[in-house]
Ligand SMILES: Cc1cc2nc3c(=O)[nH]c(=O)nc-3n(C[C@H](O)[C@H](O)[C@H](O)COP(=O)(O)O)c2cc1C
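In structure tokens, the next block holds one chain alone, the form predicted on its own.
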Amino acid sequence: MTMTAPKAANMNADMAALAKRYGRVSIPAAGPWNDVIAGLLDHRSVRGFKPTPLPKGTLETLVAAAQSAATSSNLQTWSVVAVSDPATRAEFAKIANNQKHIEQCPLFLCWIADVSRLDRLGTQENLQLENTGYLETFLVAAIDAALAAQNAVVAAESLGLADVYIGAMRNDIVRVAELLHLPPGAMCVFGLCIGYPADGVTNAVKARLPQSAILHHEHYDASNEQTIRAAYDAELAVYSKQHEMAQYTWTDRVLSRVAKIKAMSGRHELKAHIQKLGFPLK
């Protein structure tokens, strides 16, 4: 059977996108494909933004997308704070180890694991809520916030915008809570920069671990993990040499982040700080 030109072009686009995401050694089989999947595979973090304002209504559109994400039992235990004040953003940048793009981007969002709304509901209904202080409820709130934020990211990128998550907001969650005037039972789990990439900032798609390291069938199997890691290290070393300031492997990166407490930038005390914010974590 002769393949039509559109189908052939589609297949080429599929394989090109998969090759970018996985490198050319471990490309998985191409399956069903559409523009949404192509957009997801094209995700990359951008750390430099133009000051160009976003179109009117962009924030509300992104929040609508975020609110369309799944939420456990429809509890909706998350909130988001859009921060434009330059002084607040400057302090956030310092907390996040001087990430200047927090100050540059036209839209900076703080994603909040928010159990406080449930506590206020209990107060208003004259009912002592027994479950809000447990680790499970905090985890539900953090997951809700992450799901919502990822929906917003997918929506933003579909509109031609760039973004980068700021996990380093957790370096000092108590100070972040003070700056945002968060009530007890609310915590900023991460930030998000959104905007148009600055000229010259063209981050490439970074290869991920092969699916053979991530995807298991019937039971968890890490028997070939070292071989898989060696191949991925070689793939990522090529990427980092081409696109980043220093050449490194995935093994290098992981060890630099998890081998020493210093790399946590204060987050090794996170549990105690979360409890200060009104989450008992029972």
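Numbering starts at 1 and runs along the sequence shown. In this text, all values refer to a predicted model and were calculated from it rather than measured experimentally.
Not pictured, yet referred to below: the form predicted together with the named molecule.
K.L.:
Does the 4.5 Å heavy atom contact test between Lys20 and the named molecule in the model of the complex come out positive?
P.N.:
It does not: once the named molecule is placed as it appears in the model of the complex, Lys20 has no heavy atom within 4.5 Å of it.
K.L.:
I'd like to know if Gln99 sits close to the named molecule in the model of the complex, meaning any non-hydrogen atom pair within 4.5 angstroms.
P.N.:
It does: once the named molecule is placed as it appears in the model of the complex, Gln99 has a heavy atom within 4.5 Å of it.
K.L.:
Spell out, yes or no, whether the shortest heavy atom distance between Lys206 and the named molecule in the model of the complex is within 4.5 Å.
P.N.:
Answer yes; at least one heavy atom of Lys206 falls within 4.5 Å of the named molecule in the model of the complex.
K.L.:
At 4.5 Å between heavy atoms, is Arg44 in contact with the named molecule in the model of the complex?
P.N.:
Arg44: yes, in contact with the named molecule in the model of the complex.
K.L.:
Which one of these stretches, 28-36, 60-68, 210-218, 44-52, sits within 4.5 Å of the named molecule in the model of the complex when only heavy atoms are counted?
P.N.:
Heavy atoms within 4.5 Å of the named molecule in the model of the complex occur in 44-52.
K.L.:
Answer with one of Ile173, Ala155, Ala168, Leu179: the residue that has a non-hydrogen atom within 4.5 Å of the named molecule in the model of the complex.
P.N.:
Exactly one listed residue reaches within 4.5 Å, namely Ala168.
K.L.:
So which of Val164, Ala186, Ile95, Val140 reaches within 4.5 angstroms of the named molecule in the model of the complex, heavy atom to heavy atom?
P.N.:
Looking at Val164, Ala186, Ile95, Val140 one by one, just Val164 meets the 4.5 Å heavy-atom criterion.
K.L.:
So which residues in 119-153, when you check the named molecule in the model of the complex, have a heavy atom no farther than 4.5 Å from it?
P.N.:
If the 4.5 Å heavy-atom criterion is applied to the named molecule in the model of the complex, 119-153 yields nothing.
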